[in-house]
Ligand SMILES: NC(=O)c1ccc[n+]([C@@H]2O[C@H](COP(=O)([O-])OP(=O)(O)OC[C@H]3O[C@@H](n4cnc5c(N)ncnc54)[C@H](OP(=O)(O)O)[C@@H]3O)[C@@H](O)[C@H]2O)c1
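First, one chain by itself: the form predicted on its own, in structure tokens.
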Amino acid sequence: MVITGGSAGLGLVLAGHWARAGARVVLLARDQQRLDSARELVQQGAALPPLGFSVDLTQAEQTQTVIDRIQRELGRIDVLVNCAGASTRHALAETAPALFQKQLEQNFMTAVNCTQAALPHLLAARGQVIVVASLAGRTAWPLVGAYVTSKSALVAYAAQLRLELGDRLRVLTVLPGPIQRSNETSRYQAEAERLPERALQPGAGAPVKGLDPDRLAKEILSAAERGQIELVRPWKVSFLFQLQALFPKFGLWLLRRLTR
């Protein structure tokens, strides 16, 4: 099992749960020091020793090299969890094209590079791809336009995988709201100096309670085991998605009400 973004956040929590469940976990992340610390944490209670590789997943050639090495060392890749990503805060009119490009590289191309590199092995194992996207992949929200764009692309890519390869590959799309973390408000301090106060809040002020990462990880494991194709948390937000699809004008009106 390969988990990108496995050195911190939800990726690290997922790695710990899967390792304790008996999976051979391979962590992929950019920072070697954080990766080493993450491996030590995952090792606690793990049935099999976890592996870790430092790699820049925005670089297709580096990613291919690491995936090929994992295949050689372990003999198979049966699950890939695309959990690497980042978010930012900017008013849309002031968002430079370069920031859109950066967010696409961080949140979309990392998953594409890793999935495309691992695809032959995943298909041979009749395996599974888990794409950790965001509620932002299904709806617009103020001050996170570049993030929304990149996550929307990620959701579309997962749907395309499911359509074209779903007879040989299970694909689970995870659409979580803001996840609880200790440094939430400080993460965007520099970016949000001239933005409303809500820009510093989880989900840029989205009116949903922060998700407990441990509980979310358990729900993702359960959904993966059952072969679900989608997991939305909090689940009530799925009604908003349905309203937007069926009644676009009403959905837009409701979004504007929520963002006041």
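All residue numbers are counted from 1 along the displayed sequence. Quick caveat: nothing in here was measured; it's all calculated off a predicted structure.
There is also a form predicted in complex with the named molecule; it is not shown, and the following applies to it.
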property: Partner-contacting position among V112, L119, A125, I179 - heavy atom within 4.5 Å of the named molecule in the predicted bound form; result: I179
property: Proximity to the named molecule in the predicted bound form, single hit among A206, A217, V55, V26 (heavy atom within 4.5 Å); result: V55
property: Candidate stretches 138-146, 91-99, 78-86, 162-170 - the one whose heavy atoms come within 4.5 Å of the named molecule in the predicted bound form; result: 78-86
property: is_contact(D68, the named molecule) in the predicted bound form, heavy atom dist at most 4.5 Å; result: no
property: Proximity of A19 to the named molecule in the predicted bound form, heavy atoms at 4.5 Å; result: no
property: Interface membership of A8, the named molecule in the predicted bound form, 4.5 Å heavy atom rule; result: yes
property: A133 within 4.5 Å of the named molecule in the predicted bound form, heavy atoms; result: yes
